[in-house]
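Form predicted on its own, single chain, as structure tokens, below.
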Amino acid sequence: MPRKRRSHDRSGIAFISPGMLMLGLFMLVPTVYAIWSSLYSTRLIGGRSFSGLDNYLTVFQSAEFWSGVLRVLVFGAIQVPLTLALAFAFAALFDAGVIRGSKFFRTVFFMPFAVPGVVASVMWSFLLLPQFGPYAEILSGLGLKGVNFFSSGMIVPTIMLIVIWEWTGYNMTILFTSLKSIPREVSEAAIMEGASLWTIVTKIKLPMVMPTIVMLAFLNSVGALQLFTEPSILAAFQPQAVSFGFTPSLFVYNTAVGSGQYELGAAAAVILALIIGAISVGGFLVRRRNGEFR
């Protein structure tokens, strides 16, 4: 191998080594440890002993865990399309140049993503307080008194509102960049043919950025399955509305930390990781079928 090529190879290895080290320490090692721990059980009498797949069977038989999985699947089926629809709508408006000061408004739309999830959840918790929150007062002025955003029937839409507020700007920024990558000649040719702005956006540009939308759909779906911060914060305001296994991530946390059943929590985490992995592989296969990968 030529000396120059060996030097380039060493430089590349040195460049990616810090990232690979962090990936190994904070992802690979915890994953291996979780799998190893899930195969053991700790009892008051007998201490820790090998239990095989007993913890996995317990999780598979847990109605609360699977109700949490179903809840986040329904949550994602509603939240992800709404988020992407709003993100594309605003990205298309900014790309069309029909809004003055688009740079300022793009920054404003992106800012919620920069707010930590804990801070955003606490902020919205105070804004949506049933008695003293501004939104409750607005609804009361419209004749809708006594609306409790933290009740059992409203807690999921409330969390959905917070997540959409957090992530619309992020998705909008990516879609705006994707729209900007479309050659101007495409729009100019459509205008010359007499196409309206609506036709250009929906019939020409939307299909051209569909690979980006598909990618974002799977990324947002994985995020929905990992839903944790928002319900855990809102549980402090309305504990009865957020159950032990409200989401799979909460089930893992409450089982391992709240109940001290670390091995059972590890098994639940491994099962959740397998579900997320299956969705990720499915997303890759869909994108590969669409010609994004060879």
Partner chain sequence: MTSIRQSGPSPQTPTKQRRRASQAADQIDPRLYGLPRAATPVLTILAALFAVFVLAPLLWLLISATKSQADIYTSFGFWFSGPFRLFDNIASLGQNISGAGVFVQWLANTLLYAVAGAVGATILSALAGYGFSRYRFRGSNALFFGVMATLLVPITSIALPLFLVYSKVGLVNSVWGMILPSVVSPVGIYLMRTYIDASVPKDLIEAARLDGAGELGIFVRIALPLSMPGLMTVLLITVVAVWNNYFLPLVIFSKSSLYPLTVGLSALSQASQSGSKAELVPVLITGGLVTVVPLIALFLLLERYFRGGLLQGSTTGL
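Residue numbers count along the first chain shown, from 1. We call the rigid core whatever largest set of C-alpha positions still superposes within 1.5 Å between the two forms. In this text, all values refer to a predicted model and were calculated from it rather than measured experimentally.
Quick note: we don't show the form predicted in complex with its partner chain, though the next part is all about it.
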* Only one of L73, L206, A96, V186 comes within 4.5 Å of its partner chain in the model of the complex by heavy atoms, so just point that one out. => A96
* Select from the listed residues T42, S67, Q226, S259 the one whose heavy atoms reach within 4.5 Å of its partner chain in the model of the complex. => Q226
* Would M20 show up as a contact with its partner chain in the model of the complex if we use heavy atoms at 4.5 Å? -> yes
* Asked: Taking heavy atoms and a 4.5 Å cut-off, does F150 contact its partner chain in the model of the complex?
  -> no
* **4.5 Å heavy atom contact, A273 to its partner chain in the model of the complex** => yes
* To do: Check whether A77 has any heavy atom within 4.5 Å of a heavy atom of its partner chain in the model of the complex, and answer yes or no.
  => no
* **Residues in 104-126 close to its partner chain in the model of the complex, defined by a heavy atom within 4.5 Å, in order** => F105, R106, T107, V108, F109, F110, M111, P112, F113, A114, V115, P116, V118, V119, V122, M123, W124, F126
* Align both forms on the core first, then report whether L274 has a C-alpha shift of 2 Å or more between the shown form and the other one. => no
